[in-house]
Each structure stands twice: as structure tokens, then as C-alpha cells.
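For reference, the chain that follows is the form predicted alone, supplied as C-alpha cells.
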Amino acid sequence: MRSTLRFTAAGLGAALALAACSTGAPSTSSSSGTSGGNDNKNIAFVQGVAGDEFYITMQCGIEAKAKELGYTVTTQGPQKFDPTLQKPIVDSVTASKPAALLVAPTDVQAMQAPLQQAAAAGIKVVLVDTTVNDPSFAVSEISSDNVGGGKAAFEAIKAAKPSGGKVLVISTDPGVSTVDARVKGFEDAAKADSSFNYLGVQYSHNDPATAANLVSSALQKDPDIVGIFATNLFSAEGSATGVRQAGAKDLTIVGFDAGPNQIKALQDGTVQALVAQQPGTIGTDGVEQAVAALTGKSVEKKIQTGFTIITKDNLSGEGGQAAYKSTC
């Protein structure tokens, strides 16, 4: 297992003391063919949701590495992070018989059978970002250290609020492997620190407006909340809106992901830190493992990429470089 963590608690604490990760149309990079065999140079990428800067950045990494290795890529994604919308896309891709499929499953159980069927059809399946209950059919799984990212989010809040207090998590839906792991990392760290009162997790169904309403309601009930961890891009966007709507002061939000809206919220001071994944690296590694499997070379069954903590203080350097892309 490969790990490239770039977080240090001391560095983050100093940075925070000074300061005190939508929808769109699916995009296609090239046309795909249906022929099998060694001459099949087609890779399909099925995103978790179209228009999300996380998956756009991953797509950029996939396309760049595929071009370097002589493969073409077709990208599709559902309009919502929803297995009922993703499954027909995966079924269609399976019928087209690409050489490999890079996919971010939208549910650990619902996407199990469709992806097993793709593998049974001879397609090399690589799970990127998210996974399923039994990923044994996949040639490789590549994702961030999500438990570590959740723990880092708690440490960020603790650095800003050393006296402790009430903390809340806003997530997407249960059953999504990556966000479940982030919640666990945060929850374990919060419960282990007696100075903090963990209020639990609320689910926004990956909708910023719902997240905003949840945060507004939570602040009406507990106006003394000191920190909120938002587990993905849409949760962070909605949490920031909810804090603004409630007029809350002296509250630290740590968001997971680093799209343009999250960077703006950081610059505006609504969000104090962001946990940025490395989606481009996940995409690059995914292509490398798929091609290795196609060419009979050894593959890494599981790869774990790191993350970067972004604050106002490192936006002009490492932090800004870790921000996600809107286009390739």
C-alpha cells in the first residue's frame, strides 16, 4: 500500500493560529470502440457525478496518462451521486467492451453486481476514489487515506479551538465508502478527546441546499457549536452557506475537497481549512494499474494517496497547487 501523506499537525496548528474537497453534462475526450483483444486501446471512466471538480481533476489525470501510454478515454457520469443513475451508464459501458473501466462506485452494495458483470465480461476494472463491499473482482483500488483525512479535519478544528466544545459532521449519505471513512476518522478522534462534545453526523444527500438547512437548524439548537467538519465538496459548500445564513461567529469549518467554491470560502474566511485530496494522482495511478493488467505486468492491488491541508497561509504555494480544476 502506497501512502503519500503531506499533513503535519504542528504545521497546521501554526497556520490556523495565524489565520484564527453541482451538476454538468458528461464530457467525452475521445470516441470509444467495441473491439476486444490486444488492439483495444479504449479506457472508460465513469465518474461518481458529472460536473464535480474532484472528478474533473481526476479525469485530467486519466486523460494525460492515457495519452502518454497510447490509450483513448471516454468519460461519463450521472447527474447526481446516485446508483440508480450510475448503473445504466456502467451497463452501457460494459456492453461497449472497453479494454478497461475506471469507476467511482456510488454505493458499496448497489454497484457490486454491475461492476462484477463488467469484470466477468473481460474488462479490467479499476476502482477509483470509492469502492464496493467485495472489490475482489477489481484489478486495483485507488483512493485517498480517508480515515486519516477525517482525523486531520478534527486536528484542524482542535488547533483553532484548543479549549474544546461542540462539533458536528455534515456528510452525504451512509453507504458511500469514502465519506463513511472520513466520518469514522473524525468521530474516533473527537470521541477520544474529552474536551470536545461530538454531536454526530447529519446527511445532506450530496445537496448543498440541504446541507445549508441542516447547519442552520443545528445552530438554532446548539448556537455554541465551535466546529463543523464537512465531508465533501457539496457538504462544505452548503455548510458555509448555512453558517452565513445563521450569522454564526467564531465557528471553525473544515471542508473536505478543494473546488473553486471551497477556495473562495477559505479566502472569504467562512471556511478555515480544507482537506484537499489528490484526484489527479488517483486518475494517473488508475490508468497505470489498468494498463499494467492489460499488458500482463504486475499490479498494485491497493493504493492509498495522500492529502494536503489548505489554509489562507499556503494558498500561494502548496495549498493553491492542490486546488481542484474546473477544466483540463
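Don't overthink the numbering: it's just position in the shown sequence, from 1. Because the structure is a prediction, the values reported are computed rather than measured.
This next part talks about the form predicted together with ligand T6T, which is not shown.
Between ligand T6T and the residues N42, Q277, Q289, T57, the one pair within 4.5 Å by heavy atoms in the model of the complex involves Q277. Picking from 215-223, 128-136, 241-249, 83-91 the stretch near ligand T6T in the model of the complex, with a 4.5 Å limit on heavy atoms, gives 128-136. Residue contact check for S204: none of its heavy atoms lie within 4.5 Å of ligand T6T in the model of the complex. At the 4.5 Å threshold, heavy atoms of F234 reach ligand T6T in the model of the complex. By the criterion of a heavy atom within 4.5 Å, T178 is counted among the residues contacting ligand T6T in the model of the complex.
Though the partner is left out of this view, D285 does not reach within 4.5 Å of ligand T6T in the model of the complex, counting heavy atoms only.
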